[in-house]
Each structure stands twice: as C-alpha cells, then as structure tokens.
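What follows is a single chain, given as structure tokens, in the form predicted on its own.
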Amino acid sequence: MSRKSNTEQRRAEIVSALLAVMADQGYEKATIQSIAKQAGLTPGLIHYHFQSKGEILIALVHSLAQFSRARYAYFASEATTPRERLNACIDARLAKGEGANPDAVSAWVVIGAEAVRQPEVRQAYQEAISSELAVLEEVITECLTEDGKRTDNASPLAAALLAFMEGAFQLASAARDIMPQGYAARMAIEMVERYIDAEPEKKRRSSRK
C-alpha cells in the first residue's frame, strides 16, 4: 500500500483541522488563523495548499463522504443477506460505538446549511447524497426482491430513509440532550423493515396452457 505524499498528508491535516474547528465554532467562525492553529501550521502554509477556506470545505465534503463509504464497507464486510446489508447502511450512518465521529455529524449539518448558500459546496454535497442514495436504493431493491415484493417504491423509500438520517444528524447536533439515546439507528431499521414487510407481493405471471 503506497504512502501518502507530504502534500496529501498536509492537506488531510488541514481538512481535519477545519472539521474540528467547525464542530466547535461553526463555519463562519472557522478562520484561516483558527484552522492553522488547530493544525499546528502557519496561515501561509494553509494558503499554500488551499486557495480559500471554501476550497478546504469542499475537500472536507469529499473526505466525509469517503469516511461514510469506508464505514459502510466495514459494517457490511460480514453481511451475507440484503437485510444485513441494509442494516449495515443504517448503522454506518447512525450507530454509535466503534468508528462513530460526533464531530463529523456536527460538521455535516453545517455543510448542509452551506450547501444552500454556496453553489460549489452544493455540488459536492449533492454528489455525496446522490452516491449514498444509489446505495440505499440498490440495497432496498435487493431486500424487496428477496421477499418477493414489488420494487416500484424502492427509490422513494430510499429517499425517505436518507431524509430521516439527515434529520437525525440535525437533531443530534442541535438537540442532543432532548432526543432519546440511541433511537436513530434502531428506529430507522424498524421503520424500513416494516415498510418492506407491508409492501405488496410482486404479481406472478400466469402460465398459459
């Protein structure tokens, strides 16, 4: 396995520093100076690797999307059925424990807000959401197919599940002390499984004599 170059390593450190500062202070207060201090670098070195704070933010979007894919791969590594893979999708996003990163949750909520304001961030954010939505739709389709159910609603169900997870992130960031502990992953799995169980069976073609 090849090692990261010094430039790649330095850029990763800067992106991680923005993550930490954003989780603590939000994006607006995350200045180049505060990012540099968090990373243990000079502001000039930050500017050497990134032209602007916005460019670091876009790199962070890609980094968090990669982190989410890697966590799903970890959870799904021993999955042998579509339902297990679906649970892995949900746990990768919502479960606490090994690999969970509260700072990433807080930063992702901020990124969603910045995506509304900044077209470049919106594009990167939409790419990440589109990729995750495709995975959810594929796995939900597999679950429905395995159970002999219709797959017509796989796409809207995947969208609804992703919307639930995004909302859970928002509440975990803004109302952590109000929401029940550990509810998100458990309820997401229960809701989607109830939907799959209730979906009509696929019509079988009648054989002609």
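Small disclaimer: the values here were computed from a predicted structure and weren't measured. From 1 onward, residues are counted along the sequence shown.
If you look for the form predicted together with a further copy of the same chain, you will not find it shown, but the lines that follow are about it.
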item	value
Residue contact check: L171 to a further copy of the same chain in the model of the complex, 4.5 Å heavy atom	yes
4.5 Å heavy atom contact, A73 and a further copy of the same chain in the model of the complex	no
Distance check, F50 to a further copy of the same chain in the model of the complex, heavy atom within 4.5 Å	no
Heavy atom of Q25 within 4.5 Å of a further copy of the same chain in the model of the complex	yes
Partner contacts in the model of the complex for 109-125 (non-hydrogen atom within 4.5 angstroms of a further copy of the same chain)	V109, V110, G112, A113, A115, V116, R117, R122, Y125
